[in-house]
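Only one chain is given next, in structure tokens, and it is the form predicted on its own.
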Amino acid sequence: MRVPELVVALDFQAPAEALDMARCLQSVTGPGQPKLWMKVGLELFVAGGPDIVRSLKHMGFRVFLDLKFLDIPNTVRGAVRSAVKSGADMLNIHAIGGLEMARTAVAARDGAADELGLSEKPLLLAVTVLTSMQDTDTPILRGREAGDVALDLAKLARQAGLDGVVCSGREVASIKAECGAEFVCLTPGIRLPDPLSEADDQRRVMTPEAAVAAGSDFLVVGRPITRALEGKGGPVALAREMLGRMASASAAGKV
């Protein structure tokens, strides 16, 4: 069983700000402990390009390149190859692109990894239903529950040979039951159980303890860490609190 890992979303407009935050968070884990993952999304990647990935790798972080590719298969093939060559350790596509696009992405990932002689291929995930979406506010759901749609898309991703999916913590248990315990589930929308904590644009949110208990393999946390006030200990203290909560929940699940 995979030990849950923390991914910090560097949702900054300026690369310099993102790199400053990453440097700050280098002290979160000690010697011999795995460093945090850093997530580079569209906003930061458009501003900083592949160099931002390389800079984070140079700091020793593993990088999740969250660009959610969705296009014709040939275009996705090239995008995935470029993402792998940038040094990304994990990347994603949209599952709604269909089976052919997903299979093309897998082949592109495998081919690029082989060309680079990588001992470990980057994880390739499929986005199911965004955690910002409600059950009734988007055409993709067509009146269906978000969890049912996410499960269908997860099954498509597994059929295509992807490593896992991006999904709400609410869908993890059903996806694991259908697709297998080793099928990776990465969960955004993680919030601390604080009545004053804002969910902002995330709607289907979950605490770190609940996400770990559900079986999430990666927890993505952005603003609760990166915008943490110094009065609450700042980003480093909040990251350590998240890791502590995740570890406690993981240990409790193994008892």
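Don't overthink the numbering: it's just position in the shown sequence, from 1. Source: prediction; values computed, not measured.
Although not depicted, the form predicted together with cytidine-5'-monophosphate is the subject of the following passage.
Comment: cytidine-5'-monophosphate is not present in this chain, but in the predicted complex one of Leu125, Ala88, Leu130, Ala160 has a heavy atom within 4.5 Å of it, namely Leu130.
Site annotation in the predicted complex: the residue of Leu36, Met206, Val220, Leu44 reaching within 4.5 Å of cytidine-5'-monophosphate with a heavy atom is Val220. Heavy atoms within 4.5 Å of cytidine-5'-monophosphate in the predicted complex are found in exactly one of 221-229, 208-216, 24-32, 44-52, that being 221-229. Proximity to cytidine-5'-monophosphate in the predicted complex holds for all of Asp11, Lys68 and Arg191, with the criterion being a heavy atom within 4.5 Å.
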